[in-house]
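Structure 1 and structure 2 below are the same protein chain in two forms, each given by itself as structure tokens.
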Structure 1
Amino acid sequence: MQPGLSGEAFRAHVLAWLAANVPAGIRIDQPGYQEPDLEACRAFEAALHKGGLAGITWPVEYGGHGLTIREHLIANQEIGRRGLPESINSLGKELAGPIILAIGNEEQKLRLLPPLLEMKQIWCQGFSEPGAGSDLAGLRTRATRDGDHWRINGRKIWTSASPWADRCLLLARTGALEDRHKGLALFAMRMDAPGVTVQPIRQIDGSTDFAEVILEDVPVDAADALGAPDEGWGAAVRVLSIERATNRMYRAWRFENELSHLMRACRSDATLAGLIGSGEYHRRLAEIMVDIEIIKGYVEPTVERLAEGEAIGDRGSLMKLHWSEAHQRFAVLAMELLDQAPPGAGDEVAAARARFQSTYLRGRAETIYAGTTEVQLGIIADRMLKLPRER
């Protein structure tokens, strides 16, 4: 990529790159789609980075492309529109990486960030525990200093990507449990360290993308402690509030791809074409379009604010609440329509049904992870509306 591209010149680069480099069969909305395996995903994401479509805002010295969040938005719009595979390293690119950029030291940035973008190291996130889900401050996994390294003991759960991850962004307690948010530290733990056991957990769609991670006396180099021992929680909250507003920025455009895919599948079958043409579904289809526009309405002005250096506060909670519920509404509609296809419906309907059955089932997680709907509502009530507590 030519250095320093911006705005529409950057979009032209993105369009040209995607036209030339997207492998056949990995676009989920196209005929001939075959679900890519882990290695195919890894290779494609590495190519995206090399082509200048990932790590866009990260400094060049850490493997990034040194551009602005506006270019990040442009790349995400085009990626979303094409129904490309979901990132297998989004926790690295959108959580661990930004936290390392915020609180890591120079040596850590140089050592950890380039392999992450090059897809040589995939990250998972070790925050939730069996006894600390929404209430993370109650987490019990303990980090104890042992000479030149730390020893970790505890259990993490719902750890997405852990079955194939190389590193874990681990939140562990160095102080007393009573200290709640204080005394929580972050580590870049190696997943191949002795004492790490990953026990995959089967999900509602039958896949095993997450696991319980058991940590028994796991040694972590002091050099892999991120920030000061009591800096973990503050850093996590700070980064999470921005990430919640900016992660998977392609989402609205990917939803458009899903809606468009659904429409084409329905049109391929006379029964379904009759249903969507009859007006019975027009209001709901239009409401999905409006839902998508609202997501864009959160994303684009937020990108402008961030690009201008403004704070965005807790706006990520608003966006997360909306997109997760809107996506579930869409999935319900897609299932309802496709389930009315006759038994002899063709391949396009079958492919769409496979996609949207998965969207429906996996979508149930969207109002749970990254702060449940109830947690987000609490954030809005407490921090945005500042509603008084019981006196």
Structure 2
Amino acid sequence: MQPGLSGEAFRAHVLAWLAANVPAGIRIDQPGYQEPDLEACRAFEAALHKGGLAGITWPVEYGGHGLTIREHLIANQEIGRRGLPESINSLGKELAGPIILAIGNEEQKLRLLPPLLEMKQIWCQGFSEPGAGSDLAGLRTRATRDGDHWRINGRKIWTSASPWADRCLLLARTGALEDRHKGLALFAMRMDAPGVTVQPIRQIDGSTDFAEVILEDVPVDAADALGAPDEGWGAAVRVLSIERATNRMYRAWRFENELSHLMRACRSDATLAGLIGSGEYHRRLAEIMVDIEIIKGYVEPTVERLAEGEAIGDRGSLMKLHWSEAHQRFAVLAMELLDQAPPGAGDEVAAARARFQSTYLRGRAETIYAGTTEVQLGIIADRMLKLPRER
């Protein structure tokens, strides 16, 4: 990529790169789509980085491209509009990476960040635990210092990407459980370390891309401890604010792509075309369009605030809450429409039905991961509205 590109010049670069480099059949909204396997996704994401479309804001010395979050937004807009595969390393690029940049030492940044962007290392996130639910401060996984190592014992649950991850951004307790927010530490744990057992969990759509991770006396080099032992809670909260507000920034534009795909499929069949012309579906489809524009209207000002050096803070809950609830409503509407197609409705309808059945099933988790709807409402009520708690 030509150095120094920004604004519309950068958008032109993104458009040209995508036109020349997106493999045939990888766009889920196009005829002939074939779901890519893990290695195909890894190769495509590595190519995105090489082409200047990933690691955009990271310093050049750590494998990035040294641009701004405005360019990051531009790339995400164009990636989302094309229905490209979901990132298999978003937890690394958008959660682990920023935390390492924020609290890691120089050696860690040089060692851990370039392989992450080059897709030589995929990351998962070890936060949630059995019994703790959404109460992150209630975690029990323990880290104990043992000479030049830490020893990790505990269990993590719903660990996305763990069946194929190389490292885990792991949160563990170094102090007493009663301390809650104190004595928590972050680690860049190797998933191939002795004592790590990954037990995939089959999801409602048949996939097994997340798992329970059992940790039995797992050795972690002291060099892989991120920040100070008491710095874990603050860093974890920062991770979650990023996850809720800016992780997978392309969601708004991918949502737009999904709506366009649904409309195209419905217009290809006379029965469905008649349905979307009815008053009820006029209203409901218009409401989805409003939802999409609201999400865009949140993302773009957030990017500007971040570009000016402001923190995301609790406002990340607004984005996460609205996107997850709106996307579930859309998935219900999409399946309701497509299920009314007559037999033999055509390839366009069949392809859309396959896409939105998966969207519907996986979407059941969207109001749970990165903090449940109830957690987000609690944050908004407690921290933003300053409402009193019931006694």
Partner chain sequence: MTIATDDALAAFATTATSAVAQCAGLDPRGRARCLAEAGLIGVLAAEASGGLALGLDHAVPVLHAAGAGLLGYPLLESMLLAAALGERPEAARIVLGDATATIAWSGGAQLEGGLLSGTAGRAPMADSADLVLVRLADGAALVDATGPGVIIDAGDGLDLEAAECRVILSGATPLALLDGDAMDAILQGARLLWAAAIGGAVETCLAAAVAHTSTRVQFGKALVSFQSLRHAMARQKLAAEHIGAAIARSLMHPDDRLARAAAFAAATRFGASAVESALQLHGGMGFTWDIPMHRHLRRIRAWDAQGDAPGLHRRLAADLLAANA
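Residues are numbered by position in structure 1's sequence, first residue being 1. Keep in mind the model is a prediction, meaning the values are calculated, not measured. Here, rigid core means the biggest group of C-alpha atoms that superpose within 1.5 Å across both forms.
- In this comparison, the chain shown as structure 2 is the form predicted on its own.
- With the core superposed, Gly313 shows a C-alpha displacement of at least 2 Å between the two structures.
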